[in-house]
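This document opens with one chain alone, in structure tokens, the form predicted alone.
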């Protein structure tokens, strides 16, 4: 067997997420179909993690094994020739069989974008638009409260497997303000289902003045799942890179 590590990007607008879901259009299904056309093999794909519906990726990492060795450059050209325009293999390298896209990862970086200006249909699928006035300074202070090792159960999906470890470490959480948009950066060991979108949702509600900044510490300390706050739109979220 020959193992290949791949860095891919995709526009999540027209996908029902990364993971295969029956016959729904997903990133994984499109990649499997392209690989089958190229190799005539039903190849299992392992990803660094799943992205939700509408979520984009600039640096998603996957790996797979092939029975026959193919030079990485030729493999990259071949796969891309069979893929739709909203998925692209940026790089492929042959790696040791002990490498695993998920379990070898040291940290992941996600970024979230909010359009500061007037609503634009050209940006609607790529930056969240908030119709309310936001306190950017307060949001910039609030995001820092996520840094550290915490139990993020209160920021995860209600459908999360109860056996799953909800304690995660966030190394970096910051907001950058530009003329046209806000950028939120999260770097951590890993993230739970909906975690970043729910963290962004509470930041938005804090920025609106709807919630007090101290609510973040309260949820981290109590894991209270009964507090109602917005889950931010998936269109503004990007898996930026995975670090090994």
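These numbers were taken from a predicted model, which means no experiment stands behind them. Numbering follows the first chain given and starts at 1.
There is another form of this protein, the form predicted together with a further copy of the same chain, and it is not shown here; the text below is about that form.
- In summary, among the residues 115, 125, 104, 166, the only one with a non-hydrogen atom within 4.5 Å of a further copy of the same chain in the model of the complex is 125.
- The single contact residue among 19, 9, 223, 231, judged by any heavy atom lying within 4.5 Å of a further copy of the same chain in the model of the complex, is 9.
- No residue of the trio 53, 148 and 184 has any heavy atom within 4.5 Å of a further copy of the same chain in the model of the complex.
- For a further copy of the same chain in the model of the complex, the listed stretch (55 to 63, 186 to 194, 205 to 213, 29 to 37) containing residues with heavy atoms inside 4.5 Å is 55 to 63.
- Interface residue remark: residue 136 is not counted as part of the site for a further copy of the same chain in the model of the complex, having no heavy atom within 4.5 Å.
- Although the partner is absent here, residue 171 sits far enough away that none of its heavy atoms falls within 4.5 Å of a further copy of the same chain in the model of the complex.
- Mapping the unseen interface onto this chain, residue 100 falls outside it, with no heavy atom inside 4.5 Å of a further copy of the same chain in the model of the complex.
- Proximity of residue 144 to a further copy of the same chain in the model of the complex: non-hydrogen atoms within 4.5 Å are absent; the residue sits far from the partner.
- Contacts to a further copy of the same chain in the model of the complex (heavy atom within 4.5 Å) from stretch 74 to 111: 76, 85, 86, 87, 88, 90.
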